[in-house]
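Before any questions on binding or motion, here is one chain by itself as structure tokens, the form predicted alone.
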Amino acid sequence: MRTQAAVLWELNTSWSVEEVELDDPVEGEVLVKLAASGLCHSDEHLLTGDIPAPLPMVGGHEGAGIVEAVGPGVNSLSVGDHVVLAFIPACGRCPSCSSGHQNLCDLGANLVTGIPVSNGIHRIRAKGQGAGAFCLLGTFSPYVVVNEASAVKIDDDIPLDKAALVGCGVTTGYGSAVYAAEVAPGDTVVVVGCGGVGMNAIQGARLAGAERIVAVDPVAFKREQASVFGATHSAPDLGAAYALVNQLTWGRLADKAIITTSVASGDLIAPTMSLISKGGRVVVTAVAPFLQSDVQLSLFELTLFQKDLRGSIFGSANPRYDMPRILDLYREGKLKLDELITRTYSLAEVNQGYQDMRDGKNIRGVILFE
């Protein structure tokens, strides 16, 4: 079939919205008509080269829609099912999946190449050549063909434009607090960076029972919005956050800190580690440029204060379990999704959406498809 898609042809250029050819699903795959796609910062990492990937590539990895066709051998989904696409597939059989770590599924090896896991042949052709699908999804298109391991069935009453955000940002942020940081009732938590992932780290910390949640972001709009999602205090930078947390806790400092900045950098680690108490934990969820390896860290402080520094992908969550559960929290009014969407765009406006993100105008922009 022919459809539209936003394709990246070269680094540090704009997304090209153009007609592409999309093949039918093969063994183990489904065709999904999307209702919406989130504009996540990880696609910006693709554009800047922070995440190295072969081009051309169709962007997008937050999507939700309705199954229109199923390929041979598909037994977990049927035509008409409502699904959220998980940016990391979960096969349920590899060592990671079978030990309760679906976010580390072996099928994730092809996330950056965008080459389908079913047979290694591109499903998308742009200008006559094969194009990858970012995170095996490519949701910057109204139609996608994905492996059934990437599609999670949800209840039909969940609005699909809100459900799309659970495919990455919401689950990543929520899980970073609940699973990776293991926030406990009464904790003081610092969230560094208040975009789409950071706001959900705040929500996760709130739902886990944190007593104080300090939102750190240089953008005043984001600090103001953080209170909507559960932040009790805010600060414009790490220096101000240290003074605030020191005062709030009578010198004990924070129990947990979560780094969810738009881009991770090595110079963030030491000051964030200094924000936490003895026995505290820092979780790094933000993505750094691929080649960055220098980190500032006090090893003396790490050892003698028994602090913990941990990385986390997809919030250390299990998508097949956590995504429907998070949507249940939304339906029950305990977790906010509507408020996350600052602006909506057409596919043709994808570049404007990313400019608004760079300018700090959006918590999350969303592409709506007809």
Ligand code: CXF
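All figures in this text were calculated on a predicted structure; none of them were measured in a lab. Numbers follow the displayed sequence, beginning with 1.
What comes next is about the form predicted in complex with cyclohexylformamide, which is not displayed.
From the list 249-257, 269-277, 104-112, 199-207, the contact stretch for cyclohexylformamide in the predicted complex under a 4.5 Å heavy atom rule is 104-112. Among residues of the shown chain, residue 318 is not one whose heavy atoms approach cyclohexylformamide to within 4.5 Å in the predicted complex.
Although the partner is absent from this view, residue 216 stays clear of cyclohexylformamide in the predicted complex, with no non-hydrogen atom inside 4.5 angstroms.
For residue 134, a non-hydrogen atom is located within 4.5 Å of cyclohexylformamide in the predicted complex, even though that partner is not displayed. Although the partner is absent here, residue 32 sits far enough away that none of its heavy atoms falls within 4.5 Å of cyclohexylformamide in the predicted complex. Of the residues 244, 126, 287, 91, just one reaches cyclohexylformamide in the predicted complex with a heavy atom at 4.5 Å or closer; this is 287. With the partner removed from view, the residue among 144, 181, 168, 190 that has a non-hydrogen atom within 4.5 Å of cyclohexylformamide in the predicted complex turns out to be 168. For the stretch 300-318, the set of residues having any non-hydrogen atom within 4.5 angstroms of cyclohexylformamide in the predicted complex comprises only 313.
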